[in-house]
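Following this are structure 1 and structure 2, which are two forms of one protein chain, each written alone as structure tokens.
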Structure 1
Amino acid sequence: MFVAIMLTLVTVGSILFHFFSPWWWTEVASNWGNIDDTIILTFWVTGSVFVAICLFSAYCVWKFRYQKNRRADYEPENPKLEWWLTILTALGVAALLAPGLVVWNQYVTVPKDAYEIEVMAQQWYFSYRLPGEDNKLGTSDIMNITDDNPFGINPNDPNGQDDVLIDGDDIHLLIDRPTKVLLRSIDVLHNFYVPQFRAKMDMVPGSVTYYWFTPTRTGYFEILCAEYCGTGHYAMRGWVSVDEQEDYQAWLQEQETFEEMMARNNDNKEIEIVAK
């Protein structure tokens, strides 16, 4: 009796916890609200199975508790019942999988007009690069990285000259513009994750990964590294600000391009030489 009650309490407790818990996801700030929907769907399907199985066991434990002069049934199998359960489970699983794959298809199919930005990770911070006026990011290579050229942009690539560089500051995004983030790392694995955007992808040294989203709500959101990257992993944060058009333009005007940065570096060097 006691065991049956405890099993029931665990089940009911779990349900109550779910409905009354103050811990739930943040309000979504991107177009990936349908990811939340797939989670909710999974919740209902699997949650009801969990509750059914736990309550059924609790009932059995109470109803068929040991009695000296009773015998258990002798029933090696019941193929009909087993096959029905198999088919039902398969249907349930298919009901979870199909919508999931549809949304995944959206996730990996980047719209053609998506605005490309680059996020570059290293231990333990993010920096960003916007394509500038020509809307094209210049090529880059880890081998080009120097103190003057921290992004490793190819200095001979005309597309790279007007790239806007944001090193050690927040990134701003324009609301309602589909954005494709190109992810690059120059040392170890990292991940670019904003809880409110729901999306994430690892950044792998030696290759460029990507995902896309459309910010749908203005605000100031925290960026987290979600792939373990060494002792400073927990401190690897950044901030993204989703702006309306006006604010965004104002911010963009203030940023430095690659050309300007190289020029500034050269000036600094000349000043140093002169000073010497």
Structure 2
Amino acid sequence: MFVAIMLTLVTVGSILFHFFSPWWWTEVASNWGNIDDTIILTFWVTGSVFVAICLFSAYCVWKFRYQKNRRADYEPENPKLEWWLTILTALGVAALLAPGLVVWNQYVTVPKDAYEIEVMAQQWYFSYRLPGEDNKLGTSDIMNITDDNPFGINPNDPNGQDDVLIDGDDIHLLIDRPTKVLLRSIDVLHNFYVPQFRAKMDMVPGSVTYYWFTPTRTGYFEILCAEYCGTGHYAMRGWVSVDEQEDYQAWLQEQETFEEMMARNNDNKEIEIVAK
């Protein structure tokens, strides 16, 4: 009886902790309320199963407790029970997967007017590339990566000359603008994760992954690498600032373009040659 009561109390306590827990997710900072709805649905489905199993276990502990004159029955099969378990399990899995597929489709179906940015990961920091005045990102290739061209931008592509480069610094985004994030890695597997955006995706060497979101409120949000990438993984962090138009433009004007970076590198080389 004591064990049955303890199981019941654990079940009730878990339910109360869930509803009154202070460790709930932060306020949504992007348009992905659908992901939160999917998580809540998962809580309801798995929580119902958890409660049912715990209460059933408590009932069995009490109902079939030891009694001196009782003998156990041997029943190796129960077709009716097996059918019920199969049907309920299938319904539970369908309830978990179907909404997730819908949300995933929305997650990777990018609006035509989305603003493209690129995030490049390497051990152990993020770098960013934004389109310039032409609103187009230039092509890039890992074979082009050098100390003078850390993003591997094709120097012969005119669309890349005005690309804005942010090397290992914070990134700023404009509020209420749909943004497509192109993700790539130049060494090992990384993951670009902004918890308040409900957005994360693996960054796979040799390929470009992506997702999109719309920042819905201003603020300063932490970026994390959510995939173990080596000894410095714990320190691979950054910040994204969502700004109003005026603040965003002021920040953007301070950044260096690819053309300006290449000119600066050439000037530095000429100075070194003269010095020698």
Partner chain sequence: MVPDNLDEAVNKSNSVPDLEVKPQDLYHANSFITRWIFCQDAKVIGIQYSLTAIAIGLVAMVLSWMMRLQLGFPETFSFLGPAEYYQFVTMHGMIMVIYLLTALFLGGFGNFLIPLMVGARDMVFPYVNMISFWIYFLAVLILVASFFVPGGPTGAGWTLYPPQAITQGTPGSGWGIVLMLISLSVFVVGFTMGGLNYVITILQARTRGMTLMRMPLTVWGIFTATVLALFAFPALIVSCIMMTLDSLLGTSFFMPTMVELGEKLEYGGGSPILFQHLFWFFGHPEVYIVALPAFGIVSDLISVHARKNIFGYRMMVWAIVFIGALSFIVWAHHMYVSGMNPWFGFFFATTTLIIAVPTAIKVYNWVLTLWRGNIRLTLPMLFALAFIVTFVNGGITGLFLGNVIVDVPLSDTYFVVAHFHMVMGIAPVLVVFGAIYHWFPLITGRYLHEGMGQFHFWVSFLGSYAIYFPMHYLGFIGVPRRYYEMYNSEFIPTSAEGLNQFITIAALTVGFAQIVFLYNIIVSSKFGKLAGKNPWQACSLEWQTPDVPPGHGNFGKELPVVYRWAYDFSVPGAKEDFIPQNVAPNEVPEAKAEQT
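Here, a residue number simply tells you its place in the sequence of structure 1, counted from 1. None of the values given here were measured: they were computed from a predicted structure. Under this definition, the rigid core comprises the largest set of C-alpha atoms superposing within 1.5 Å between the forms.
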Worksheet item: Between structure 1 and structure 2, which should be identified as the form predicted in complex with the partner chain?
Response: 1
Discussion item. Once the core is superposed between the two structures, does Glu82 show a C-alpha displacement of at least 2 Å?
Written reply: yes
Fill in: Is_shifted Arg65 between the two structures (CA, 2 Å cut-off, rigid core)
yes
Item to complete: Look at Pro99 and decide if its Cα position differs by 2 Å or more between the two structures after superposing on the rigid core.
Response: yes
